[in-house]
Structure formats: C-alpha cells, structure tokens
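Take a look at the structure tokens below, where one protein chain is shown in two forms, each on its own, as structure 1 and structure 2.
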Structure 1
C-alpha cells in the first residue's frame, strides 16, 4: 500500500456534543435533567435526538413520535419540537470555546469538530481531553466527549469509546499500538466512519467483522475491492492521516430553503408568504458566505403519500447580473410561484433554491447592468443583516413574508428561543 508522503505524527482530536439537541434544552430547563427527553423533527414527526433515558427505553432514532408518546409520558418524559434557533446559537458558542484550544479547527457538523493539536505542548493527551470536556461544560452547559489519535478516523473511534465506556470519563487517547488494536477489535466494522450499510454487508460476507479485521485485510483484497475513499479509510486505521482538516469549507454550490407546511395549503396568499420567507432565508445564507447567485428556482408539491390529485412542478429564472439582494430575489420568486400555482390542489411543500453561486470577489464586470454590490442596495443588506444578527432573526423582514404565517410547520411543543430573542430570554425567579 502506498504510504509515502502521508503524515504519521499528526495529533487530531474529535469533540462531539452528547445528545446535542436534548442537551441544549436541558441547559435552560434543569427540570429536564435525568428525565426521558426526545426532540422531534419538522412538523413534530420523528425522533431526531434522544436522551440516555430515552435510549434505555429502547426507543430507536427516527421513530415516529406519536408511536412512543404514551410510553415516554408513562416514564415522566417529554417530547419537544426542534428549536433550530437555539441549537444553532449553542453550536456557535461551543465552537468558539473549542477554537481557543487549537491552532486549526474544522466544524464537521452542528455538534462535532476536529481539532489539530500538532505543535501544542501536551504531556498527557487524555488528561488534556478531559480538562477540555470540563471547560466546555462549565462555559456552555453542553456535555461533550473527546477522542484523540493520529488520524480523523481513529479520533472518531476514540470518541466512540470515550462516549460509551464510563471508565474513560469522556476522554480517550489512542496513540499506542496496543490500545489502538484493543479499540479496533471491540468496534464492529459497520461503526467505522465511511463504511455504509452495503459496504458493511459486503465486508462481513468476506469475513471482516471488526475494525481490526478491516485494518489487517490482505493487500490483494484491498486493491481489488476498496474504493478510493475505502482505501483512505484503511490508511487512516493504520494511523496515517490522509483526510485533511478542512478549516475553510468551500462555498455551497446551491442553497435551498424548504419546509413541509404544518397543514395542507390551497390558497395562493399563504404560498406567497411561504415562498417570500424561504427566498429571504436563501438570500441571507448567500450573503453569509459572501456570494451571489445567478439562478433562482421555485418548486411546489402536493403530498405524494396522500390519495387524490397530485401536482409537482418547478420554474427557474436567471439572475442577471448575479445578486444576493433580498427584495429582488423575493420579487422574482413570487413571480415564478404565480406561474406555478394551480388552484384546486392541496399543497404540502414549497421551496426556493439559489444556484450558479460565485464569490462576491469573482463577479464579472458589466458595462450595461449595475451590480448590487456597487450601490446602496449592498449597504442596505449589510444594515438589515446587522440588525437581525444583533436583535434576533426577522427583527426586520419583508411584509410579503406575512406576520401570522399560519402555514408554518407544526411545532406545538417548541421551547423558547432563550439566546436569540429578547422576549424569550430566561427569567430568574427570586
């Protein structure tokens, strides 16, 4: 196997927030501690986050909430709607804390981050990881687990064991060969980062049951059956770091904002409000990554799981010159929706997508059209984004997005937006 040029001395930590959505809820509502808590997906559908008490009740991830509502209530538990504003803000706080303890950080997901520890003077990595765990919990209230090793994949495995084995106290370093082999032998091959269900089935049919079996597989088997990503996974299991830390993720090639409605919608006025709101979200995300878009798509769909007439369609339009100006994007999105709309149908979902995205610095010059980046529209959007960032989302919004928004997705069990809305900040009783 080709190993020339790969790093063997890099030290990487993976910090993973435990039961993140549930943990965020518990920070501001201590009454939820030690009780079964489940967080539901959009429209209060499926369970997407489980406390350890919910897991002890054998309730699976992704299960329909209504199916287990009685069981959870029987054990003095609660089900909550997803509070994305709270979770996003708490994630930012955790990442900010972690960034103080590493020269390079990759935000892998809303509740996970890789930290490059290369160059830091650390004599006991396990003690360092457990201390980091204590600091994150003290400063944010969020419990985390820390796994440390020489590659991302091994750090993931270290974190897996740190989270599940109480004796590791939430922190595990896999740096010595003997400990690495022991950890790999105790991990099912299907739990290895990058091994999907079909790949797991194939590997087990060929006698590869554990992560250690995969690492020790014969070169002939690897050369014949492994994909490029599978080959990298194998090298990572051997301690070679070949999946680089991504400190600056590339700008997204497309941005989509879409939600299923909380009820069936048949009136055009509700659809116009929804599409205006979705277009506004897309434009905000576009400006966050300092980009503009050259194409706008609006789509509309009925409920394909419900009997009756069905209608699914979309329309697109070019944005010339490319733009991230909310009023322009909303106006064009509403025009596309009016072309799409057919009366007589009950609609379940609508959405907006921006594509052909380019960085602001790479927008081609035009002698005919004035780009929004070069006039007062750009300053207006800067002011609007600044106010919404300071005082909470939708402090300023377009009237076309509506006020009541009765079409919004169902969230009957929603907790307050403790950290992002002045009217919902926690109140201390004396």
Structure 2
C-alpha cells in the first residue's frame, strides 16, 4: 500500500448549484418556473440538466432528447438548447459570491465548489450553510445546496442529502459519528463519489450495498480491487481528508475541442473548416493558460449509432519546437486530416487534441529557432486574443474555418445570451 497524505479534523463545505443549467435559464425567464424544463447537450442531443419536474417524470440523465420530447410537451414542459455563454457567466457570479466567505476555495466544476472552512469562526455549521445558501440565491438567483463534513467525499454525501431531504433546508453538516453513520446507511454505494458503474456492480456482488458497508469494508480488499483511488475513498468515508483541496488548479495537460456535426458530412471541404475551427479553439485555450503543446492529434469518426460502414481513426504529429501559434497548429491539423480522410463515409464527428503541454516560459531556448515569446508570432496571437475577447469570439479568425459553417451543431431552442451580449440583454417593459 502506498503512502497517502491525510489530514484529520478538516472542515470542508461542498456548495453545489441545484439543476444548474435549468436554474440559469429560469433566472431570466420566469415562465419556466414550476414547469418541466430540460436542457440539452450540444447538438440538441442528450438531456444534461433536469428540473425537479423532469426528474419526477422519471426522465433519466443523459437520455436522448428526442425520446422524451412528446412526454415533456404533454406536461407543458420545455426543452432548451445549451447556452454555455450564459452558464459560464452565471458560474462566475456564484463563485464570486462564495469567495467572499472564504478565499480558500476550489472551483471543482462549472456548478460546484469546495470551501475550506478551517480557521473560520463558525459556531453552528448548519446554520452557516443555510445562510450561505440564502445569500447566493439572493445575489445570483441560483439555488444551491451546502454539505459540510471532514472530507470532500463526506461533504459530497452531506450535499446529496441536503439537496433531497426537505427537512435539511438545503444545508447539512455531518460532523458527529451518529449522524455520519445515519447518512452513510441511507446512501446507495453507487452514489458515493469515486464509485462508478463498474465498481458499483463489483461491490454489490461482494455484499457491499450502502456507503456504510463500504466504509466498514476491509482495507486490504478495497486497496486490492479498487486501486489507490478506492482506498482513498475508504479513508475519506472514515473522516480522514486525503483528496486535497486544489485552490489553484494546474494547467491542463491535454486540451480537446471536438463536436458532433449538425448533419452528416461527407465532403473534405466541410471537414477542413470544422477541424480548422477546432484547432483554433484548442490553441486559444492553450494560450489562456500560457502554455505551448508538443503534440497534436486529429480524429475523425462516423456515426456509431447508425448502420453502415464505420470509420474511426486518428493521427498525431509532434510540434517541434512546442507551439501555441494558431496558423501553425491549424495548418498541421489540416494536413493530418487530409491524411486521415477517406471519401465515401458519412462523418458525424471530428476533433483536435493538444498534449505534451508545458508552460511557454519553460520551453528551452533553441539555437536554431527564435524565442517564441519575443517573436512577432507571439505578438500577433496576443493581438488576436485581445480582439476576440473584447469584441466577441470569432471577431478575428482564419479563413480556413469558413464562414457558412454548414456543419455547425444544431441549437434550435437556444435562449438569449442575457448576460454576455448587449444585443440580447433582457428588456424591462415600461
């Protein structure tokens, strides 16, 4: 068993936005209150966010939207395309409010944050959590739930119950053994953070049904069959914090941009446009974290749900020296695509991935190449990024990305970008 760093007596809160994408839509469109509302993934594909009314209709997470369109309509419900400009902005607002309570915070995902409460003077954690919930709601319009305990995994569980049991009023602290045990015994093992479908099946076959069973399982058994991650989960359930709070997340080690197309694509010209835009987006994300990449991969796939000949392939190339220069990355991505492309297939999806990512300042100076940071290419990218951030995405782009973009994803039920575009700001009737 390897050495695992752990801390006792941590106090960690997990703040999780309730039905986040749906809640964002409801802030600006009150007509959506109390009705079934579902938000779809890119391309209007799967259901990725559900209001409580949708959950009550037993519509599962991740289900294809078209299967449930009729049922939702029948209950006076709505399905919306996802509006990431809106959700991203609302997320920033929620995080900003949370950071006023403690700067020691990890933005874990677009709708969740872990807060380190160590050192804060709090006498009643549950009351503190409920107060936090009230303030976030009042200032942003977003309902959240707050779970508090001694490890991230336990805070997740506290949050789970806080969200579902009305008596907890959106806030639950699990700090005393009796309450922890009760909470664990009422939770299916498959709901535990870190236990996915495979492990759930395995654990249940071995008589472990609840989170409490897992906590009481043999250390050696878990370490052997669930690797160190599973063992960490076990320690976390026992109240030892060993999954650290990451306040300043490291730069991404790989960056992907890929999309399914709005319709089937068979010609090379549409694919070239798409790959050009994905490569552009990847390079932008790379520069946002002040990095360069040493490897570029392009992949291409047909529709795996459809009968007929399938083609799924990828190709990589080294970037030497590592680069974040859009024209170079796009040009190389397009050559890879041309090598990959086979005519005669109906393509559904393509993507670009950057890996072997390092900080731009850490790239060793080469005798042959000029230093990228001092180069005009670097200044050109800075100018391009600043224009696109001030005047909106794609103000400036490469011609190879095309203008018609007929392959673009479907977003037929898109709400306005209420908070990030002046043209789409909500109007108040006078």
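Not measured: the values here are computed from a predicted model. Whichever C-alpha set is largest while still superposing within 1.5 Å between the two forms counts as the rigid core. Numbering follows the first chain given and starts at 1.
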Original post:
Since only one of the two is the form predicted on its own, can you say which one?
Top reply: 1
Original post:
Has the Cα of residue 220 moved 2 Å or more between structure 1 and structure 2, judged after a core fit?
Top reply: yes
Original post:
With the core lined up, does the C-alpha of residue 101 move 2 Å or more between structure 1 and structure 2?
Top reply: no
**OP:** Once the core is aligned, please say if the CA of residue 328 is shifted by at least 2 angstroms between structure 1 and structure 2.
**Re:** yes
**OP:** With the core fitted, just quote the Cα shift at residue 266 between structure 1 and structure 2, in angstrom to one decimal.
**Re:** 5.6
